[in-house]
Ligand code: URA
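Only one chain is shown below, in structure tokens, and it's the form predicted alone.
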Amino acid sequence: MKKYFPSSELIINEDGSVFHLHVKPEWLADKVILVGDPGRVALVASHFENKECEVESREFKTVTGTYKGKRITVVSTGIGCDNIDIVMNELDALANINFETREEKDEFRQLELVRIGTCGGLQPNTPVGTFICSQKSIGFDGLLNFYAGRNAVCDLPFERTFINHMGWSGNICAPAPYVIDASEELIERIAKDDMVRGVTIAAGGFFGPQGRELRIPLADPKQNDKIEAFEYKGFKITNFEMESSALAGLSRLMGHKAMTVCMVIANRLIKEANTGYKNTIDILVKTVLDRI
């Protein structure tokens, strides 16, 4: 018997669009680019030869169009793994649930999702301007812990080694971090040999969770020193951002392919930053469009 999704679980607007995104099923392409900033949607879509649809609701802006013969949807997610939870569940519903019957479709439709973002570098080989592909993500957000199957898709030995290295207990980063791999096939196709492949921490905030201290002292003042020194089977933590773990984790549970690639706009190790990055991130956008 097919699973039925009541209106309390899957909210569909009166016009037939999904609740938060305001996107209709027929507007969704198989190839999806995610960006945090709604303003970056226009930058990505400026390369399209044509646009089928354009819709905006809250921080979620969506454009579907064609680039070099490829049908692509670009969606802004806003900031944070909580927003990725909304976007991923609604995109998967658009692809795999019949909105008329509210039942799961007979055939699974797999999406390819690439998040283009910005990040803070944590190693000497990740100076400002570096493109980093998140081969693995460490989720400080705890989001995946609320979904069944979490242990089956996560790198549990890596998780245990990292938590032991950090020496965390009690209230710090509870629920515990999770470690998840991005799609290997997408990594090979998008990152090729001209991007740094590394381990990304998806933090639950921009300040304290990433070791920034303003007026409130940090619970663990040595957090970033320990993160920068961590190594496991040749992997080092390369960067901070705020969405990659939820994207990789939910996609793996749902059966989609996903990865994150970011441009470094600040290197925490050598304390440099570039606030004028918006003029150069278009290079990364065009690279992803060509390779997706």
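Position 1 is the first residue in the sequence shown; the rest follow in order. Please read all numbers here as calculations on a predicted model, not as lab measurements.
The same protein also exists as the form predicted in complex with this ligand; that form is not shown, yet it is the one meant from here on.
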Pose source in the predicted bound form; superposed partner this ligand; site open or blocked by backbone or C-beta within 2.4 Å: open
Does this ligand get within 4.5 angstroms of any non-hydrogen atom of Q135 in the predicted bound form? no
M254: touches this ligand in the predicted bound form, heavy atom cutoff 4.5 angstroms: no
Indicate whether I237 is a 4.5 Å heavy atom neighbour of this ligand in the predicted bound form. no
Flag T73 as yes or no: does it have a non-hydrogen atom within 4.5 angstroms of any non-hydrogen atom of this ligand in the predicted bound form? no
Of M242, A258, I227, V63, which one comes within 4.5 Å of this ligand in the predicted bound form, counting heavy atoms only? M242
Please identify the residue among P177, G120, G211, G198 with any heavy atom within 4.5 Å of this ligand in the predicted bound form. G120
Among 104-112, 126-134, 218-226, 203-211, the region lying within 4.5 Å of this ligand in the predicted bound form by heavy atom distance: 203-211
